[in-house]
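For this one, two forms of the same chain are given in C-alpha cells, first as structure 1 and then as structure 2.
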Structure 1
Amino acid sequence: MNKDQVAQILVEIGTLLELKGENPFKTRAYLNVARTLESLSEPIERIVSENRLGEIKGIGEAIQKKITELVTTGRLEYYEELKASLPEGLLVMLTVPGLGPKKVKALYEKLGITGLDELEMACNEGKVAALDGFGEKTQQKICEGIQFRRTYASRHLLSDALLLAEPILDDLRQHPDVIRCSTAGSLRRFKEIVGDVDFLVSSKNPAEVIEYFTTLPGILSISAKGDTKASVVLEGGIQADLRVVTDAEFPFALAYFTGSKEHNIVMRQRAIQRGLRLNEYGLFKSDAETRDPALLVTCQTEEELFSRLDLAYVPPELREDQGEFLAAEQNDLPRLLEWTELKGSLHNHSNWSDGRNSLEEIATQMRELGCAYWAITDHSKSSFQANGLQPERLLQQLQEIASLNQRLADEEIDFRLLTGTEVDILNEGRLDFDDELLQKLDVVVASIHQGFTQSEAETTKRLIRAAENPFVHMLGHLTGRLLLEREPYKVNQHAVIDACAETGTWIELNGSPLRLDMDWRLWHYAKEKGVKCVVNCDAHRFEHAGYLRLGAGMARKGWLTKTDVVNTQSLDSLRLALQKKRGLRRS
C-alpha cells in the first residue's frame, strides 16, 4: 500500500472509533497521523523498510505497528475486526451530506437505524426531528441529502474514471491482437461526471481481446461477456464496457460511441441530407439503414468522417451540439488549450494554512515539474477551520517567499513563487483583509466559504462587490459546488460574468475534481464578454499539480484557447497582467 491508501484507512479507523464512542483523543490521533502521512515527501514503503516510522513526529508505537502491517501485507486485522463490529450501513449513512459520525452514532443508538432506508422511514415518521440535537430543519436536510445521494448513486467523478481507465487503456494497447483502441462516451468528451467507462477496440480476434480485458487488474467482477462485448465492474463500483469492432468500422464506432446523443443526431441528419446513412458500423451510400459493406464510404479516421460530411474535425470535448456544427462548417473551430501550455497555478495552499507542504518543498517540486511560477494563496483569517492566516502571519509569509525567491535568483533558477491569498468574501461582499494588505500581494483570489444559504440576489451581490474591488484579480470556485457531494449555492452566474467583464476581473476554473468550477457551459458566454480564465489547481499537496490537466480539459470543453487563459503567459507577462487591474506597472 502507498501512503495515500494507508492514510485513507487510518481516517476510516478514526471514523469507526468515533461511531463506537471511543475517546476523542484516540480517534483524533488516527486523523492526525493520516495527515502526516499525506505530507510525506518520500514513499511510505521506503520508510517502513528502513524502520524509520518512529522518527516521524506524532506516530506512536501502536500506530507504527498498524502502518507496518498495512504496508507489508496490504491488510490490517484490527481494521477488519473494527469494521465487522458495526453495521455496514452506518458507513453508508456517513455519505449523506450533513451527517457526521456523532449524528450517525445517535441515530444508531437511539433509534436503531442501520441504513438509508430505515433512516428515510424514520424521517418520514418524524422520529429524527424528535431527537435531541436534531429538529425539523436537520430532519429535512437529511431527507434532501438521501435524495441527493440516490440521484448521483451511479455517477462518478471524471478524475476517478480517468484513474481507472487509463491503465486499462495502456494494457489494451499492449495486446498483440489490438489494432486501435480508445476510450469513448462521456469520459472521452471529458464530462465532469460520468456514468460508466466505455472502451473501443479494433481487432481481427475479438474473442482474445475480450478474454484479456476481463482478466485485467482492477476488475472486480464480470457482468456480461460475449463475442464482441463485455461489461465489468471496476474498483469504486464503476461499470466499464468494451466493444470490439473491425478496423474498417473503428472510426464510425468511435464517433458513434463517443456521442453525445445530441451531437450524433445532427451527424446522422447531415448524412441523410447528403444521400447517405450514418450509424455505428459505417457511412453508407444508401437511402435506408444498412450495413452492406459494398455501400460503405471508406474512412480511415474520424477526421475523414467529418470531412465527408463537409465539416472540420470536431474535438471530442466539443461534441455536445452547442455550436460546434456551425463553427465546423465555417472552419472556425478554435485551437483549444493544451494543458502543457499552462505555466503554473495561481491558487494553491501551503502548510501555513491547510496545505501539506512547506514553501521550499513547493518551490522545489513545481520547478522540477517544469512550471515557471506558482502562487501561494493561503486562506484568510475567517477560514479558521482551514487555519486561515492573520495579517501578521501573512506579512511574515511574504518575507519568507521574498527570501526564497532571492535564493532562486542567486542560483539563476528560472522559477518564482508568487505571494497571495484566497481571501474570504464575507457578508455583503466585504473582504476578509483590508485593501492596504491586499495591495502588497502578487495574487488575490476572492472566494465564498460560508453563507451558502443566502438568496440568489444576496450571493450574486456579494460576488459582484468582490469583483469590483481593484485589488481582487479573480473570483475562485464561483458556485461553491462539490460534485456529487454538495449542490452549488444560488447565484446568477451571467450577472457575475457581466460584472467581471466590466471590472477586468478574471474567473477561476478550479481544477479540483470535486469542483471544476466555473462550469464549462458558462465559459462560452464569458469568452464572448472578454472575461479571462485562470486554470488553477487549488493545490493542497504535490499530487494536486495534476489538476492542471483536469482544469485544462474543462477549459477545452468551454472552447477556450491559450490566449483566453491567463496562466499560459510567461512570468514577466503575467506580472504585467496582475498589475493591470490596479492601474500600476512595475519597473
Structure 2
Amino acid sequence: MNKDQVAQILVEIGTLLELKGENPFKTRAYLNVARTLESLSEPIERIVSENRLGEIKGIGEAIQKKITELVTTGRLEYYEELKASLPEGLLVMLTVPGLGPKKVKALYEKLGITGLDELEMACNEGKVAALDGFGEKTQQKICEGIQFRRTYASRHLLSDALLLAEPILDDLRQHPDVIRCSTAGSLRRFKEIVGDVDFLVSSKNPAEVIEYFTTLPGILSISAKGDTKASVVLEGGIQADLRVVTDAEFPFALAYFTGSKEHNIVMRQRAIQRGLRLNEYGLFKSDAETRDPALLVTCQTEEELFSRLDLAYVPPELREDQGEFLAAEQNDLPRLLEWTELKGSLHNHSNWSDGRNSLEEIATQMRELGCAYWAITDHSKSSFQANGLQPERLLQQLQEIASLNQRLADEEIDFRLLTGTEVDILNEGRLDFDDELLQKLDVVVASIHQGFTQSEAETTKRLIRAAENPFVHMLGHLTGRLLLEREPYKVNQHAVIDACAETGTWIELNGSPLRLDMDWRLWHYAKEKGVKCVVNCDAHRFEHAGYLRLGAGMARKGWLTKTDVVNTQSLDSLRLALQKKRGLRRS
C-alpha cells in the first residue's frame, strides 16, 4: 500500500470518527497525518521497514501503529471495525455535494436516515428543512445533490467531461503563475468513459494556482484543498483533481498521471532495466526509489522521457499497454488520424426523418465548416418511431438533393450532398428496402434498430447477411450500445469483422458520444483483416458535426491512420470507393 492509499484511509477514518461524534481534536489528527504522508518525499514502505515513522513530526504512537499495520498487511482491523459500526449508507450520503459529516450525523441521529433513498423521501416530506440548522434552502440543495449523484455517480461520458474540462484548462493556461498545463488521466487517453478529470499544472507558486482553480466558474464544491493539489466537484457531479508540480517535474508527472496504470508499470520496468528509477517526480540515476534532484535525468518534455527509455513518443490515446511498447521500440507506431483529415460524414439525418435541419440548411452549414461532402442517410420505413422514409419519399429526396447539388455545381462550389439511407436490418437479416432502391443511392448504411434481445448467434447472422448485400457499403453502430444507458446487444464482433473483410464492407465508427461504436478495442483486429473504417457523426442536427472530432479521437485510440479511414478521401476517390463493392459483384 502506497502513501496516497494510506492517506486516503486515514482521511476516511477521520470522517468516520466525525460521523460518530468523536472529539474534533482526534478527528483532525487523522487529517493532518494524511496531509503529512502525502507530502513525504520517500516511499512509506521504506520508512516503515526502517522503523522511522516516529521521526516524522505530528504522527503520534497510535497512528504510527495503524500506518504500520496498513503498510505491512494491506489492511487495518481498527478501520474495518469502525466502518462496520456505522451504516454503509452514511458514507454514500457524504458523496452528495453539500453534505458533510456534521449534517449526515444530524440526519442519521435525528431522522434515522441511513441512505440516499430515505434522504430523498425525507426531503420530499419537508422533514429535512424542519431540522435545526438545515432549512428550506439546504433541503433544496440536498435534493439537487442527490439527483447529481444518481445521474452521474462516478462514470461519465468522455464528451461531458471534455466539455467541462476544456474551459477550465483554458482558464488555467491564462493564469500568470501557470507555466505549463494539461489534462491527464483517462480524459487525456480519450477513454470513452472516465471516472474523474485530472489536471496537471507546473508553477512556481502552487498556492496561487490552487486558490485560482478552486474558485473558477464551473466548480460546484471543493472536496479537498492542499498545498499542491485540490479535488473539486464540477457541474454535473464530475470529480476533478488538480496537481501542481515544478516545471522540471512536469513531463514526468504528466506521463505518470496520464497513465494508464498498466502502461506506467511497463515504463517503470524499462527504467529499472536501464539502471534508472521512474516516478511522478522524475527519472533518476538510482537503483532505489528516490526524488533526489542531484540524480535527476533532465527531460524537458514527454518526448525526451520516452526517448531516454529508447521509445518513440507514444500518443496518450495508445497508452493502454496494448502493443504500444513493441511498436515504439521499433519506431513503428502509426501516424494516427487527425480529425481535420476527415472530409465529411457518411451517416446523417435530416428533417425528412428524425433530424432537425433541412437539406438546404445542412448543405450550407457543412460547406461552411469546410467539409467536401455530407451524406444524407435518413431512416428507412420500418423505423416508424424515427419517421422512417417510405420508398416514394426517398425517391423524392433524391430529386431534391440532385437539384441542390446542381445549384452547387453551377455556383462552382466544391461541396456535394450524397444521397443515401440508413436501412434497417430486419429480424432475419433482410433489409428494409429492396436492392433496386438501394442501387440508386450513393451511400448505404445498414443498422439494427430493433430485435435487441435476439441471441448472439442470430444477431451475428443478421449482421453478416447485411454485409453480404452488395449494395450495403457499411454497417452502422455495430453493437447498438448506448454508453451508461444500454448494454450492447450480444454479437460476435470478430465474426462480423471477418464477414466484412470478405465482402469488402466497411464498418462505421459512430462518433455520437453515447455510442462510439464499433469500440476502439476492436479496430486493431479489423485493420489487420483489412476492413476500412468510416468515422460518422450520425448527426441529427448541425452541432453534431462536432462528433467528427470525438469519432476521430476514438479512431486514434484504435490505432487508425488516414488510409484506414474511408472518409478522409476526396469526393472523387470516395465515389470510386463507393462503386467498388457493387462493381465486384457485377463482374
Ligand code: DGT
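Worth saying up front: this structure is predicted, and the values here are computed from it rather than measured. We call the rigid core whatever largest set of C-alpha positions still superposes within 1.5 Å between the two forms. Numbers given to residues start at 1 and step along the sequence of structure 1.
Chemist: Of the two forms I pasted, which one is the form predicted on its own: 1 or 2?
Modeler: Looking at both copies of the chain, structure 1 is the one that matches the description.
Chemist: Please determine whether the C-alpha atom of residue 15 is displaced by 2 Å or more between the two structures following superposition on the rigid core.
Modeler: Yes, because once the rigid core is superposed, the C-alpha of residue 15 moves 2 Å or more between the two structures.
Chemist: Any chance the CA of residue 110 moves 2 angstroms or more between the two structures, core superposed?
Modeler: The answer is yes; the displacement is at least 2 Å.
Chemist: Taking the rigid core as the frame, does residue 275 move its C-alpha by 2 Å or more between the two structures?
Modeler: Residue 275: C-alpha displaced by less than 2 Å between the two structures.
Chemist: Core-aligned, what does the C-alpha of residue 42 shift between the two structures, expressed in angstrom?
Modeler: Residue 42 is displaced by 58.3 Å at its C-alpha.
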